[in-house]
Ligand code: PGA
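For reference, the chain that follows is the form predicted on its own, supplied as structure tokens.
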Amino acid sequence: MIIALNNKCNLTKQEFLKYQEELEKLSTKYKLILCPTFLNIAHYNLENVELGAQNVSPKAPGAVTGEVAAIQLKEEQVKYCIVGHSERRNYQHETDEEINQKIMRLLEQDIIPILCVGETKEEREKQLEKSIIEKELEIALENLTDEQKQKIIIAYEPIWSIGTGIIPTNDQIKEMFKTIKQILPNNKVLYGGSANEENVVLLKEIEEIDGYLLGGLSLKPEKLKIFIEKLEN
């Protein structure tokens, strides 16, 4: 079981240092991955949590102002990196083709991509959710070998669920995981989208879930502790 913590654009340096003190107290048999902001990566200092990033440049180092290259993340001991998060697809207008390039740059540096896929409310209402996921995976994984594909962690995030407190039904989640695992049967698939310490008891009934990508909950160590305890028991 994998629990990835996406801090998003939160926590100043001092807040992050205090936050790490709380994370250090967490004890779990599961793999924990922390994805802080780029600035806070430099202040990472945990032994019980592995380090991830929230983004990477699709290009090699060079004249790409404002970007961070995969080789730079590698030097900071980053082992995982989120790509294709719905907020970047929306706000930064990232395309599946750009996401494919990011995955390639990460794999060149032996950094494991956490590829986010998911449908909007409108797409689900039109019953397009499966075709959307299939298209996102097809383009994101283009020109990768089977060996490379197997290294990628997939995070299914129904966009209409993120930050809303509303989660799909268990049957809906199972159906989407089935769609993903038909394409990538050997990959770990995480669930993201308003998972919290209250609904985890319901979510843990879904055997197909290999872990969770947590956003808002990642910033609340006391509730995260409850989430993990309920998941383990």
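Note that the structure is predicted; figures quoted are calculated from it, not measured. From 1 onward, residues are counted along the sequence shown.
Beyond the structure shown, there is the form predicted in complex with this ligand, which is absent from this document and is the topic of what follows.
Proximity to this ligand in the predicted complex, defined as a heavy atom within 4.5 Å, holds among Ile132, Ile152, Ile111, Ile162 only for Ile162. This chain lacks the partner; the member of Asn55, Asn40, Thr179, Ser194 within 4.5 angstroms of this ligand in the predicted complex by a non-hydrogen atom is Ser194. Contact annotation: this ligand lies within 4.5 Å of heavy atoms from the stretch 85-93 in the predicted complex, the single such stretch among 85-93, 137-145, 99-107, 119-127. Put simply, Gly211 is far from this ligand in the predicted complex: not one heavy atom of it is within 4.5 Å.
Shown alone here, Gly215 lies within 4.5 Å of this ligand in the predicted complex, counting heavy atoms only. Within 4.5 angstroms of this ligand in the predicted complex, the stretch 1-32 places a non-hydrogen atom from each of Asn6, Lys8, taken in sequence order.
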